[in-house]
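Coming up is one lone chain in structure tokens, specifically the form predicted on its own.
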């Protein structure tokens, strides 16, 4: 009982990070089950698990909302940031420990609210986007959707203020800005975007509940409202949210690639100031490409086509930095590195297949097809998820003081990687060849894709096997894995200079960084 009390009332950033990890993994399991239910329904023409389209919509809503708001963003900006940022900058904790603990419990409240979807009589069925007018006329509980988004969003705002303050004022003596890990820079960029754009999302979802329950008319076109106003507000947040996920997972990837290649980050300053900050600056100017087929004026579509294409420049700078970091490296292929390289491959496929979607003439034909679903999952959903898995494996010895099974780690990776390609490459192929529309709960109008739908459902089972292996590997490793050394990877980064797991306060006395210290000061082996 005392152990439970210690965890519930903890203000230690490491325990808060682990609580975020537990909650986000639990959310991932639920979202994954929703994906399996959808793939089972789509494995054959006609009703498979349900004949009710609303039931399918609830699965789709839960999958999207929980995967993004309950898993990826909390795992990256909650778990990884909480556990690693103070250790990487030489701080004993975050600037506001109690506020930090409050944020994780707000996140848990949001997750619990999302799980109520499966027990209340009128579950939300508005997808993760909540588009009006459907969200204002459906019998589903739109208020639950609104309140869930507000709770998790407020937790993000609290975390943003906390971590930006921590990084600005609590760095170890001698640690200048240009000595920060790339992961730290990625978190700075991510939280700057959260602080700018989360209030816009909060406003949007609050207004749809006002329309539905208080009789306002912000989005009802029959009484003077405009549904496109909501779409603009929603995507003004939700496209930068892609980069809120992208930057931390690229930060994790950069740490892993440098460590296992034993190379310094290639073009560090270009990647930070041109890549990371270029994304932060341009991210708020690209949202209209989600509305290309929604009646936007041509001048706005063309302008945002240019900015959407332009954001590939900072992304390209970071990609060149990652590939350059691998060049002539002394590469070893432990499980974190496999996940890191797998993430890089999936991200490159997703990024390159996203370029056609920036072009208005192509998007008109592709925007509502399975091609978009495949691209989106490649570039963010699967790549981001595998980056999170890579990070958990990478910091596993530091968190637990024990080692996982390398054999089962690699087996889990290959199941996940193969399954992801089976599903999402097939999705993009079907979308281009047949124009198969997304979000439909049946495909009776497209009987020619029955084989591909079955293949995609098999791919989902392969991924589920891979994740089950991974989760069991973590649990067994944490419970009875062999003892890990304090720095099993030979990393130069500051978090590996303390014992594993680190004590409260992280170091017996605050570390001092030498003038020639660098987190990537590797020499060839």
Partner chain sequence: MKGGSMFKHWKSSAGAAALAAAGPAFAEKYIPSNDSGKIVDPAAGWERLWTTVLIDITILGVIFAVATLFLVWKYRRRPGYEGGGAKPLSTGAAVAWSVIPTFIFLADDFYIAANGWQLWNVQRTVPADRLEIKLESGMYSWDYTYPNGVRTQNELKVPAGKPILLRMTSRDTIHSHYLPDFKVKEDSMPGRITYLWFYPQKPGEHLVTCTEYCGVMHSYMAGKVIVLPPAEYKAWYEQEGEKLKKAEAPEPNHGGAKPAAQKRKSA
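Numbering follows the first chain given and starts at 1. Note that the structure is a prediction, hence the values are computed from the model and not measured.
Note that the form predicted in complex with the partner chain isn't included here; everything after this is about it.
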item	value
Proximity to the partner chain in the predicted complex (heavy atom, within 4.5 Å), stretch among 192 to 200, 243 to 251, 205 to 213, 265 to 273	265 to 273
Contacting member of 83, 371, 404, 183, with respect to the partner chain in the predicted complex [4.5 Å, heavy atom]	371
Single option in 115, 109, 348, 450 placed near the partner chain in the predicted complex, where near means a heavy atom within 4.5 Å	348
301, 313 and 445 all contacting the partner chain in the predicted complex, non-hydrogen atom within 4.5 Å	yes
The partner chain contact at residue 261 in the predicted complex, heavy atom, 4.5 Å	yes
Partner proximity in the predicted complex: residue 2 to the partner chain, non-hydrogen atom cutoff 4.5 Å	no
Contact of residue 361 with the partner chain in the predicted complex (heavy atom, 4.5 Å)	yes
The partner chain contact in the predicted complex: residue 434, any heavy atom under 4.5 Å	yes
Sequence-ordered list of residues in 193 to 231 near the partner chain in the predicted complex, where near means a heavy atom within 4.5 Å	221, 222, 226, 227, 228, 231
